[in-house]
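In the block that follows, a single chain appears as structure tokens, in the form predicted alone.
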């Protein structure tokens, strides 16, 4: 069973990172001293759960973490600096620092370096997350030792619930749009005016026309989805937002 290290200091190591085309060495103190930092560590760059769930949700909630006193969100993986740099670019997660632990010194110091020869990976990090204040681990969420790659407690939502219980989470908004559509622009303006982030999917670039009918049962633009709910077009969105603000 892995040791929970709450109350202990993080390992003192130097991370060999890349900044553009240059090497940049960062010490543990550079990352943690005098700061509040969320760290989540995972088995490997470009791997499925890490790329599709772990990183995107931390990136999405990072601004909310900062509202509650967190200075930085850091992703650690036992990968070299070049791999982590490319993965960061591929993910587009601008709210996260990707920190390579290429030799596993930090992960070994955390007691969470494991052998993943079963996958041909070699030594990698067990999946975990922690809240660190001035170099001291305040809270740690370590995934249970189960077969495979468990992902139950190191997620961003669990960390947010610990840091700020009951905090309102950002809306998850997707908008099916098409170029030159004035109603689409009106819907986007409504969301922007309220500071609501959204993903705009454009016809023919991101999806075929048949997908509009399949997902929304409609032929008109835009079609807005919020937190998995089909809201409808621009007028429907206006009503939805008015009801939310009146509540």
Ligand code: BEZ
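Being a predicted model, the structure only gives us computed values, none of them experimental. Residue numbers count along the first chain shown, from 1.
Form predicted in complex with the ligand: not shown, discussed below.
Between 208-216, 26-34, 63-71, 43-51, the stretch whose residues reach within 4.5 angstroms of the ligand in the predicted bound form through a non-hydrogen atom is 43-51.
Among heavy atoms of residue 121, some come within 4.5 Å of the ligand in the predicted bound form. Within this chain, residue 138 is remote from the site of the ligand in the predicted bound form, having no heavy atom within 4.5 Å.
Interface residue remark: residue 149 is counted as part of the site for the ligand in the predicted bound form, having a heavy atom within 4.5 Å.
In this stretch, 185-223, not one residue has a heavy atom within 4.5 Å of the ligand in the predicted bound form; the partner itself is omitted from this view.
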